[in-house]
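In structure tokens, the next block holds one chain alone, the form predicted alone.
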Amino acid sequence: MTGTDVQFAICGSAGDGTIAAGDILKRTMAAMGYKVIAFDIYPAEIRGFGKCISRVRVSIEQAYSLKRRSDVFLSLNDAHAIPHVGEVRDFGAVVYDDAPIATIPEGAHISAHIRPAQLPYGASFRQISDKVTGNARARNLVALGYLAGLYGMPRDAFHKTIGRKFATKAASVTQVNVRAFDAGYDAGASVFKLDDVVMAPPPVGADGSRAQMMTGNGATVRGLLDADIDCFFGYPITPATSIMERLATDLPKRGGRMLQTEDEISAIAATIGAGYAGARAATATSGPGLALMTEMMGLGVIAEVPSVTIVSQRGGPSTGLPTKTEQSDLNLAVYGGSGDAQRIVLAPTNVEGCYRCAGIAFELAEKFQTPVIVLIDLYLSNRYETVIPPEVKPFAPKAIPDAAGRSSGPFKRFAFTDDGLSPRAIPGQNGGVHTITGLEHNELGRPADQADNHQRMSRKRHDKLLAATRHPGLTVAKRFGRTGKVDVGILGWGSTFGEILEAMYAAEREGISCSAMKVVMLSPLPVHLIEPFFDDCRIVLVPELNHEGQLAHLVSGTLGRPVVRLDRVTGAPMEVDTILAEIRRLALGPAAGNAA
């Protein structure tokens, strides 16, 4: 193979340093100028020795998802690694410790499970670590060094990353880990390489100095901070907790405030209260927490108060699968709540998109005076990608309401206007006295249950959001691949769109006429962009990680157009091969029974 697209997988038990080794690998590759996508799998157990897997895809050209099969597989714990040997491609490499510390039962060593087409590499990681450091704790660095030496990766680049990783510890810690890495590197460099994996250098001029490895949650935090968030209210819930944890550290440094509330209801109530007071306020949760927030979300809609809620989806319903990914909260995000409570819902498709959607959510919330939900998922929350942050903050400054001088009479906080956007005031502003209530109200905010008033207010709250689909600086939907008429169109949202793109490009290389569109704004739906896409496609496929086909129902119900659903709820990201197989089938002629 060309060596421009290599996926490494490291498998071990909690405590083996599996994730740490993967972290050093991906950060080193990013700093060298490669494109990197990585995803770590942790055990569900709070305590114990569950399985950890770190997958790192390193490429010269932009990649959009992890590959189904890895090129290089490193075992730090054979019991956990053996079930994953089949995930290594033919002529790929399996690297393992060939000097166990005790006699093991027949078939318990990974060498007995390596397939004929795979290339084995055994090395004494534990013994090497004992020799150079006095114990076996650094064997993960020895193993990482072995990979670097085997594939000719630059030693100095890893030294720099190791130094940064242990910069807060005593200098001796860095020195010990560098010695372990170098010992492994020398062992790997001395081996005659048999596999076809080649790590070609990054393009001339590639500069990774500004590239940062970010998770979706990390990028979300960066976006909130760059949008000058004032306060954050949250309650811990997997997989959104790290957003609150990072803001607890970073927000006070910028003069903001972070408060851990007693539950999710309090978190959204405080967020709406802060928004009413003129602050840029946000919270973060997952599906079960959003279910608790729906009543207060309705208050934000009827009271027309800006707020931002980050929702990282996991397997459901109820407690469901807390450590598995899913896209099954779309219905809850778009429709959840009593009455007609439309709000703006954004669903970024990659890590950089998490940054931009988190920041621009404040602009939308303030301009359209409504709650905004940013809908991600566990896969995107925890996935690492190389991101180059903008040098200048790309988000508009906070809109300061000013009710003064708008009218000589009583302030009409909910005045009917041509665009549905009423003048807004915050407590204490001169000339801005008004009533706020969860009851239906008139233009002054006073309770009013007349039929015609409720009809007009309902229309006002919905119609004002239509302009959000044309908000500057926000990609609400975008088409990729061929333009014009195609046989198969693939419509997708959220983290699954990376796999959709990989499948579409693979189908194009096979000569299939196809195109793909991502939908970032799920509410209100950008019909003006989706309808032309449907017009160009003989048939439209909608792959998503839920059982009901929630985007398929949303789009087909709104447009009145049929789609073909591809639904999976495995708890894992959708596989490129699964999507590609369905594209091939549809290209030959769709089965009418699959249309929704």
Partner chain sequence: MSAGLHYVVIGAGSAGHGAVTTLRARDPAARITLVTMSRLPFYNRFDLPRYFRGTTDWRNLLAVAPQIYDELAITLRRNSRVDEIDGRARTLTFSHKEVVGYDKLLVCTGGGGHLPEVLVEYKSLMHGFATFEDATRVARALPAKGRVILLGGDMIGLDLARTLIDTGHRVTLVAGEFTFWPHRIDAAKRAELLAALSRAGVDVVTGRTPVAIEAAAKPARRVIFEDDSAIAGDVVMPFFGSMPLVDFMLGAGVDMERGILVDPRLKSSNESIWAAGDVCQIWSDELKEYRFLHGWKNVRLMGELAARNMTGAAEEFDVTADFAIGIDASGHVQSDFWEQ
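Numbering follows the first chain given and starts at 1. Note that the rigid core is defined as the largest set of C-alphas that superpose within 1.5 Å between two forms. Just so we're clear, the structure is a prediction, and the values are computed from it rather than from any experiment.
There is also a form predicted together with its partner chain; it is not shown, and the following applies to it.
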{"item": "Its partner chain contact at Y121 in the predicted bound form, heavy atom, 4.5 Å", "value": "yes"}
{"item": "Partner proximity in the predicted bound form: T483 to its partner chain, non-hydrogen atom cutoff 4.5 Å", "value": "no"}
{"item": "Any non-hydrogen atom of R509 within 4.5 angstroms of its partner chain in the predicted bound form", "value": "no"}
{"item": "In the predicted bound form, Y96 touching its partner chain (heavy atom, 4.5 Å)", "value": "yes"}
{"item": "Interface stretch in the predicted bound form with its partner chain - options 512-520, 96-104, 212-220, 470-478, non-hydrogen atom within 4.5 Å", "value": "96-104"}
{"item": "Residue among V191, A396, L421, A79 with a heavy atom within 4.5 Å of its partner chain in the predicted bound form", "value": "V191"}
{"item": "Interface residue in the predicted bound form among I400, A117, A206, A167, criterion: non-hydrogen atom within 4.5 angstroms of its partner chain", "value": "A117"}
{"item": "Is_shifted P105 between the shown form and the other one (CA, 2 Å cut-off, rigid core)", "value": "yes"}
{"item": "Rigid core superposition, H462 Cα moves 2 angstroms or more between the shown form and the other one", "value": "no"}
{"item": "Large Cα shift (2 Å or above) at G498 between the shown form and the other one, core-fitted", "value": "no"}
